[in-house]
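Only one chain is given next, in structure tokens, and it is the form predicted alone.
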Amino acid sequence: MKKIIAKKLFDGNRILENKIVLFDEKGIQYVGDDDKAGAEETFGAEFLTPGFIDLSSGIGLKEESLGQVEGDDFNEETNPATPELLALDGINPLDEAFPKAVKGGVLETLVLPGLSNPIGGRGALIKTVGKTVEEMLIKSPCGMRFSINNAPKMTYGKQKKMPMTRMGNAYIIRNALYKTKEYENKKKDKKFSLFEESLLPVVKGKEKAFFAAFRADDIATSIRIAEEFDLNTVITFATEADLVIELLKKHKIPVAFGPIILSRFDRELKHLSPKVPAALIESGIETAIISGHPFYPAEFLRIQLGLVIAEGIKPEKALKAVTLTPAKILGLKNTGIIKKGAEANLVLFDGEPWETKTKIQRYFLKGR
């Protein structure tokens, strides 16, 4: 049994002061005020939080410090619709970005294939610690990447093939989903198809559809397609999400916003501002903050929280956007929170997590 004496503790909802946490590899056994005896090891923390969860990332697929070919497995730019792809098959657990992410408090991440295809492939929910992907794996497949933005147009426009327009982009997604429904209805009469089999959990609502959209009109198109096929949808990136807040609220669609810090190298990023996620959180939309790695390093996800706090968002709500909220979106019941019975995924900081001068003292993943 291990003990943490925390001056400040964020439990997933509130920031509490002077709390004791007892835990082991089975999970958290006690959270409270009494200084319980019997712990084999005791640690002090200025600020204790659940491990951060990065809800949309390319970490391990597009590796740090490697070239365009050997370290880049983010985009399969040969076919605009590739639902059969598994992110798990492209993740390099030795990517040096993983230990850096841990130093930023990110202990779990959802890795989704790239943005170049209207349908990019199936994600993998992994821990950021491990020597093999099998050791890191939490769940695979986990979610399907759809992409409604400029990237598919730019990729396939150069090849003079569809999609060269937003209409073509939406058509490819719709056509694949219609074919999957037809395949489901007449499955007994058809040969096995990995393409449709990969999309079946999405059209059945059992697997989440992660739509990468930046502009307000692309967010609206994503929602329209999601409604047509009754998809369990999350909007990612969402630069102009504040312009369609009422639409998001009407359809009760969560947003994984980020990265907040990014050069405006594309017109789709013109509206980028910490005011956008602040507006989403204040409006009551279920909002996670993401790093958007490799566009912005996962290591500095926590620094983005400071920008949202500077816009008037309470620290509790900002911290929730990288802990309990992404856990809820992913359907994880005992992660992203510090309570009895939860997994002991814990990060001990020597100061407020969103401050640049703060460092991690240590972390525990499933109590180890």
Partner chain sequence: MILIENGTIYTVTKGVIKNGSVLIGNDGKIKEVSDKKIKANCEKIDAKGKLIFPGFIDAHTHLGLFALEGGMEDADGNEMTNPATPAMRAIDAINPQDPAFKDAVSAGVLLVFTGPGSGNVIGGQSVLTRTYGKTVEDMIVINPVGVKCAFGENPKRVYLSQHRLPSTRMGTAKVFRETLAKAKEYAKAKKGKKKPPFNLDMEALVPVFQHKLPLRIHSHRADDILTAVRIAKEEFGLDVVIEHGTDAAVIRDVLAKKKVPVISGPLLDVSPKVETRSSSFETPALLAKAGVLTALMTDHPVMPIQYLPLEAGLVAYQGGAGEEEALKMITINPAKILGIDKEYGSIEKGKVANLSVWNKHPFSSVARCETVVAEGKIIFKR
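Note that the structure is a prediction, hence the values are computed from the model and not measured. Numbering follows the first chain given and starts at 1.
The form predicted together with the partner chain exists for this protein as well; it is not shown, and the discussion that follows is about that form.
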- line: Answer key: of Pro274, Pro254, Pro163, Pro93, within 4.5 Å of the partner chain in the predicted bound form (heavy atoms) is Pro274
statement: Assert contact residue (the partner chain, in the predicted bound form, non-hydrogen atom within 4.5 Å, options Ile309, Leu324, Leu330, Ala39) equals Ile309
query: Where, among 338 to 346, 298 to 306, 40 to 48, 25 to 33, do residues come within 4.5 Å of the partner chain in the predicted bound form by heavy atom distance?
result: 298 to 306
query: So in the predicted bound form, does any heavy atom of Arg264 sit within 4.5 Å of the partner chain?
result: yes
query: Looking in the predicted bound form, any heavy atom of Ile126 within 4.5 Å of the partner chain?
result: no
query: For Pro294, is any heavy atom within 4.5 Å of the partner chain in the predicted bound form, or not?
result: yes
task: Look up in the predicted bound form whether Lys357 has a non-hydrogen atom within 4.5 angstroms of the partner chain, and give yes or no.
output: yes
